[in-house]
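Below you'll find only one chain, the form predicted alone, shown as structure tokens.
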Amino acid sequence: MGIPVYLAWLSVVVFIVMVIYRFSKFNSMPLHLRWEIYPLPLEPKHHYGGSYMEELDYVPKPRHHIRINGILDMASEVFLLKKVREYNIYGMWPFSFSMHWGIYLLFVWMILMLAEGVLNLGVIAPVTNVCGIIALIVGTFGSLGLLLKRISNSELANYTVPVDYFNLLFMLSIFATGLISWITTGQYFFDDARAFLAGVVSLQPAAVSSWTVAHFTLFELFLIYMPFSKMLHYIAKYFTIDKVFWDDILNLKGSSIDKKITSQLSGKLTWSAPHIVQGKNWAEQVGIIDGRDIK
């Protein structure tokens, strides 16, 4: 019974450290090929699809971004899965939306229960309970629906690798064990959940139902697993949107972007191909191609 309690502390430490580490790795990666897909939500002329490049002599003029518009657009992607809904050719949006909100609410539920116990906020218990039940129901519905979609649709199955099935089964097991615990124990489920977390905080394991232990243990394993998996895509999504799709800062001579590009062009090529000469750097390679000196 004590293992899940100690595992809880370990999982939180691993999760925080690895998320920070992965974020710093993404942030330190070389400059990506920027797409500059217009209209940018940050642009003051976004409402009609315009950009600063429409203006005469726009290069020396000061640039303005409306940052709040970008934050709202990114929030609609995170909380409403806007792109999934717009390109919903396999009918996955309702299930994906449910599973993601199941995850969000599961984290909120855990935080609320900890706040109740640590800060003695029993007054929020009804809200905490509702949050937990909604998380388990929509999370089960979403992960099960996505799993069945990927299994039953032959075209979609072609895009699904084994780890995708594993991730969905993992998520389903977390939500389903919590849901089964609630169904089989009723109101006692919340008492068990609070007792389990109180045991984690005090390092004194509490006697709770086996389904509740299974639910929390799976959640702890999820915290350890997630930073190493593709489920960390929320960090990659931020950099993709902000640094690849939206970054339209001009590349001027001597600018920070120009220095980054110059530095990256000095990188040695460690691979070869009919159009690539191994051992040369990127700048030399461009000169070779321009001169058509390819062996």
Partner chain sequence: MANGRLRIKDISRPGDDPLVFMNMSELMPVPNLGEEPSIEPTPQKFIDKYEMSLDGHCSIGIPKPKTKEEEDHLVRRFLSGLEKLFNSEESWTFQQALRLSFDYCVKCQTCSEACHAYLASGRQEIYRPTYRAEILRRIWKKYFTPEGKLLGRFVGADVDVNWRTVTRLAELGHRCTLCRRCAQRCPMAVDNALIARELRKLFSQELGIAPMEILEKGCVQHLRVGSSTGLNPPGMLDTVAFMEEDIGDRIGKKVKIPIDKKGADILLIHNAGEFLSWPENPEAFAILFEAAGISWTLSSEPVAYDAVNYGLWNDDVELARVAARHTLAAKKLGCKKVMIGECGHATKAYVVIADRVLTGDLSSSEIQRESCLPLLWEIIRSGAIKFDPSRNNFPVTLHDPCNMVRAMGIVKPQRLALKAIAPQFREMTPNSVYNYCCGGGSGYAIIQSFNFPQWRNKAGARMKMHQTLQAFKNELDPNKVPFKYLCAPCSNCKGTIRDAITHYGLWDKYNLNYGGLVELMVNSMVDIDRPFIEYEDFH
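Positions refer to the first chain, counted from 1. Remember, predicted model here, so these are calculated numbers, not experimental data. Under this definition, the rigid core comprises the largest set of C-alpha atoms superposing within 1.5 Å between the forms.
Quick note: we don't show the form predicted together with its partner chain, though the next part is all about it.
The closest heavy atom approach of residue 88 to its partner chain in the predicted complex falls within 4.5 Å. Shown alone here, residue 34 lies within 4.5 Å of its partner chain in the predicted complex, counting heavy atoms only. Looking at residue 244, you'd find a heavy atom of it within 4.5 angstroms of its partner chain in the predicted complex. Contact between residue 68 and its partner chain in the predicted complex is not found at the 4.5 Å heavy atom cutoff. Heavy atoms within 4.5 Å of its partner chain in the predicted complex are found in exactly one of 104 to 112, 198 to 206, 150 to 158, 185 to 193, that being 150 to 158. Using a 4.5 Å cut-off on any heavy atom, the residues of 260 to 274 that reach its partner chain in the predicted complex are, in sequence order, 261, 262, 264, 265, 267, 268, 269, 270, 271, 272, 273, 274. Shown in the overlay between the shown form and the other one, fitted on the rigid core, is a CA shift at residue 29 smaller than 2 Å.
Relative to the superposed rigid core, the position of the CA of residue 66 differs between the shown form and the other one by less than 2 Å. Shown in the overlay between the shown form and the other one, fitted on the rigid core, is a CA shift at residue 283 of 2 Å or greater.
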